[in-house]
Each structure stands twice: as C-alpha cells, then as structure tokens.
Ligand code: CTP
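The chain that follows stands alone, in the form predicted alone, written as structure tokens.
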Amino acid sequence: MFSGKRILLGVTGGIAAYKAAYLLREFQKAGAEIRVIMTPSATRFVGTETFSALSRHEVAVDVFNNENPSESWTKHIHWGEWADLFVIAPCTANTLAKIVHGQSDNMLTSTVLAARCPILICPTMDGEMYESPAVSANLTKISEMGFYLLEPESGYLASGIEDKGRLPEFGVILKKSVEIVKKHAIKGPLTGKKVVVTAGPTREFLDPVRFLSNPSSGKMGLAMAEAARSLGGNVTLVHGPIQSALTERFHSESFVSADDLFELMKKHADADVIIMAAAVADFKPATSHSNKVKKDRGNFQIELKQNPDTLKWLGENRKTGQVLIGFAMETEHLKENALAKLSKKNIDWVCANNLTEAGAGFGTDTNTIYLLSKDTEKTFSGTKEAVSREILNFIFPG
C-alpha cells in the first residue's frame, strides 16, 4: 500500500517510543522507505542504533552534530523535501506544544517547519495530561493549522491507570496514513509512470587529471525531472558531474563517462518515459593513461574513438508504448539536424536549441527550445523550469 512512498517517522520522548520500532517495520512491510528522526529525550527510551539498523538509514537527532561537525546541518530541509508523509508517533505533550508555537530546537521540530509533505501527529500521554486545558487547546490549534491528528486510544497506561492516551494500534495508524497519502498524491498524466531523465556532462579521461568534457551545468535536465515529477511521474534522475544542487524529491544515480551512462540506461530501458537531456560526448580518447601524461613528451597527439550511442540504442530496443525524448544542441542548421536526429535515433520528440542564440545553451537559467516530432513543431522560451513544464504539458496533455 506504500510501494515507492517515503515516510519520515518522528519519535519523541514518551514510553510508547519503543512501539515506534514495530511501527517502522509495519510501514516497511507495506512497501515504504523509512527515515527516522528522534528527539533527544526519545533516545533515553530507545537507542538510535535500533532505528538505524531497522531503517537502514542514519537517525537524525540534533541539528548540529557535535560528534561529526562535517555532517550537514541542513538535513531538516533535505529530509523535509524527501518525504511523502511525516508521521510523529508517539508525540508527547512537549513536542505538540513546540509544533503549535513554531519552536525548532531539535531536528524533529525543525523538520516539521521545513516539511513539504502532510504531517500526521499521534499524541500519547497520561490521561490527565491529555485532558488538561493546555493540551486540549494545542490539539484544537494543531488541527486548525492543517496537521492531521490521530487521537489516542483508551487502555492500560504506563502510570498504571486505565484511561485515554495509548498509541493507536499499528493498523489504525497505517490506515490513516494511506488515506492521507492518497489525498495528497500528485495526480497528472504521468501518474504511475516510470520516468528517467538524464542530465549534465560526461567526462572522458585521458589520464587521471585530464578529461574531455563540455560546459553543461545539468540545469535543463534537473528542470525536466522536476517538471515530470509535478505531472505525477515516478522520476529517476541519472546525472553526470553537475554544478546544480540535487533535490531529494526524486531518486538519483550518477555517471561519469558515456560508457557509464550507457550501462545505467540499459538498466532503465524499461521506463515508460525517457528524457535524454544529458550532454554526452560523442568521442573519447582511444587510450586512457594510468599515469599523468607529462608535458615534456613534446607534440603529444590524442587519438579519439566513438562513444556508444545510448539514445540510438534505446530507440532500437524500445518497448511498446514507450516515449523517448532526445535533446539536440547545434550551432547551425538547427531544424535540419534535429529532424535528422529524430529519424536516425527512432525517437518521438527532440528538444533542439542553438548554442549561439542569446539566453540559450550551457549554464544559463533560460532557454529557447524548438520541440519537434515527425508532424509537430513548437517553440518554447523562458526559464528552464517554465520551458520544461510547458514541453511536458504539451507532450502529455492533462
């Protein structure tokens, strides 16, 4: 029920923290990928190692890691982008109050502020605490703020009394989580489709310190990936050594050379939509030296050989119903060369741009794309983000 979904599990310092380990396993059994954030007090009930082993991810506790200062303090932002749902179970009265008042003194409360996904709060505490005026007011406020709230169940509590305050059964939490995920799922023409987007340059090494490459920043590929995600696609970004920061909103894999890219794309050849926006070198050195080539070798010449043509291979081995979108960057005869590529590669669409045109090409934030198919020609200009959305909305009308 959670296949392909990403869930943040927030664990706060109540006795029910031990149950969160079992809840994590239930989410995993339902197909979810889990990352865990704990408050410092939660670690007094269950160790971080437990959740790290179960989730197969590091566990976040503090915004600043004194034991590992090099660790990014921006994790709350990246993890907040990564998740499809943030479940805080158990949620103590203390953390509930912090969330209501926007406090961010630990990784969990900071991530609440940064999260772009819906948040489900499962408060647990002793019955008298739950019925107190302050907690009652915070529960009302948290619902008004747009958070989802799952009320605790009645039963035997840690204090030894029978009252309301227990963490709901796992099945109840999972059912509520499914409802929330379905309600907030992005719906569009690419919903349920596997989309693979390539971005950035390749590097073809002559020796350990020199390589042939190009100035591609990867911005256009990243924009296409984000546009595909906004249309509901299950996006994988396959990228070279790009300059732009990566988001965690979709899965990514990296390559260096054209050979690396070829092997990766053979693995992803079953995708429903493939967008080849990477700037792939056509040639590579025929010989790659294991040691640095010294300049005292005189008139050193580099012999080149062709790289594998990944797009052509995809066109020759495409599955039924697959949509292939290629890119063509030219300095002359743009339309003629792009149409030739469309035919030779056996692809559906080609996005062509001219390197010599102002505001287009490598490293810019804007672009002008001439979108061509066998019977269609359309021009899009603007920021790379806007152009990418317009292109995919045109190819995949809602």
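Residue numbers here begin at 1 and follow the sequence given. As the structure is a computational prediction, the values presented were derived from the model and not from experiment.
Below: the form predicted together with ligand CTP, not depicted.
The single option of A83, I119, A328, C122 touching ligand CTP in the predicted complex, heavy atom within 4.5 Å: Checking each option against ligand CTP in the predicted complex, the one that comes within 4.5 Å is A328.
Ligand CTP: the contacting residue among N106, T310, S257, T92 in the predicted complex [heavy atom, 4.5 Å]: By the 4.5 Å criterion, the partner-contacting residue is T310.
Pick from 359-367, 52-60, 340-348, 39-47: which stretch has non-hydrogen atoms within 4.5 Å of ligand CTP in the predicted complex? In the other structure, the partner sits against 340-348.
Decide whether V280 counts as a contact residue for ligand CTP in the predicted complex under a heavy atom distance cut-off of 4.5 Å. Result yes; V280 sits at the interface with ligand CTP in the predicted complex.
With heavy atoms only and a cut-off of 4.5 Å, decide whether M276 touches ligand CTP in the predicted complex. Contact with ligand CTP, yes.
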